[in-house]
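Next up: just one chain, as structure tokens, the form predicted on its own.
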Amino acid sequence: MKLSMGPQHPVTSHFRFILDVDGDAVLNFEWDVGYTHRGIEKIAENRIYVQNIPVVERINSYCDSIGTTLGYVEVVEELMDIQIPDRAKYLRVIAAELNRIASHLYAVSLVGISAGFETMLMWTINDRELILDLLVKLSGQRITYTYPTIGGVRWDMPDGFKEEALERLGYLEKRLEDYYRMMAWNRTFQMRFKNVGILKSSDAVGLGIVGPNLRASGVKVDVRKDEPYEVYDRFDFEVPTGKNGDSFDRASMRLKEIEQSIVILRQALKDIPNGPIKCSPKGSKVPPTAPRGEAYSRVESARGEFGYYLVSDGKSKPYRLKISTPSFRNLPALPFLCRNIPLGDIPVIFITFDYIPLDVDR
């Protein structure tokens, strides 16, 4: 029989899965997306460049706002040949890594509750507030920050921000051991997640998987290392990888990446230079038009590589903006993995890929 999961299912979010099942066995899997489509790429053609920052932010606003908007402002800056000051680059990295931690904590909370670990949900959601508080102090907003702007960032860090950030990062670093004890080192969790949804490295590369899910399959690929942007080439950090590429490795990868984000943040907060936060100390206006041409940028967001391809016809609005999003690129893994498996494994596999419907639909 055919079974429809979603789009109001508590696990699938605004996706719908069409499953061919024989009793408890899933024989075939098809995804049905589009429930949150808003035509963002088309909207961008009718806004001037700076007005598009909050537009593209809505692709992945409630989880990784900075990782989403950073690629857009970078591609505009490349097209307009705008050089931003070092302090602004450091502030962008600080905001991006804080947002990465908040996003991964949210992902871990969903993994926890999907497996019945309600305590894990409460721990991570509460600790996430500590990071969101820092982002509020930095940007003035709790979820949609619109913090990176063309030519720099909107606000400088306030007095006392560095000390408070280091204190909270120290708390979170100690807290990670509790997360590992509750989840990764927990025998019950291992029994439920290990050897479920194994995605081999060759298959992950062939399917075009990106981000933590690709690294969980043992492929050491990270734009921050492979093609450094902003000031990532000035920091010493590791790119963690998994061994088996199963649901356990994908869930654990978020915890490992939080550790590395803390390492990056400590260095960025220590080494951040003085100076302006925009291309001009007085905040000069963004050029009203971009020269004819095209540009491409890519950044490593919390869910993987974001790609922005921008075409300009010399006017004040983009001629074309094409966005390559990580959740969409990770989507082929579901029909590949979700065949000839028990029905109960579908939520486990899905939740460990950390999909965002808005990211898929755009």
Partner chain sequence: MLGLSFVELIELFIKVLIFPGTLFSLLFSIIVIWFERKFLARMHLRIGPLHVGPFNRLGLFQPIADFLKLVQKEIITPSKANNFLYRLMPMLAAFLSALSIAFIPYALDPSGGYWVIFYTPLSLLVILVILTAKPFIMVGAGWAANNKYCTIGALRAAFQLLAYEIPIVLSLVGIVIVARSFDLAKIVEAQSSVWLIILQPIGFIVILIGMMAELLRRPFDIPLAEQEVVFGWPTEYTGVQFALVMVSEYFDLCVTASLITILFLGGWSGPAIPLLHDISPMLSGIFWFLLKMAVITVIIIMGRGVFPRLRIDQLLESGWTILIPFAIIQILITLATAQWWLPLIGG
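In this text the structure is predicted, and so the values were computed from the model without any measurement. Numbering follows the first chain given and starts at 1.
Below, we refer to the form predicted together with its partner chain, which is not included among the displayed structures.
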| query | finding |
| --- | --- |
| Partner contact for Thr146 in the model of the complex: its partner chain, 4.5 angstroms, heavy atom | no |
| Its partner chain contact in the model of the complex: Ser114, any heavy atom under 4.5 Å | yes |
| Contact test in the model of the complex: Phe189 vs its partner chain, heavy atoms, 4.5 Å | yes |
| Touches its partner chain in the model of the complex: Thr119 (any heavy atom, 4.5 Å) | yes |
| Joint contact, Trp123, Arg175 and Leu343 to its partner chain in the model of the complex, by non-hydrogen atom at 4.5 Å | yes |
| Options 91-99, 190-198, 258-266, 152-160; stretch whose heavy atom lies within 4.5 Å of its partner chain in the model of the complex | 190-198 |
| Those residues of 22-44 which, in the model of the complex, come within 4.5 Å of its partner chain by heavy atom | Asp24 |
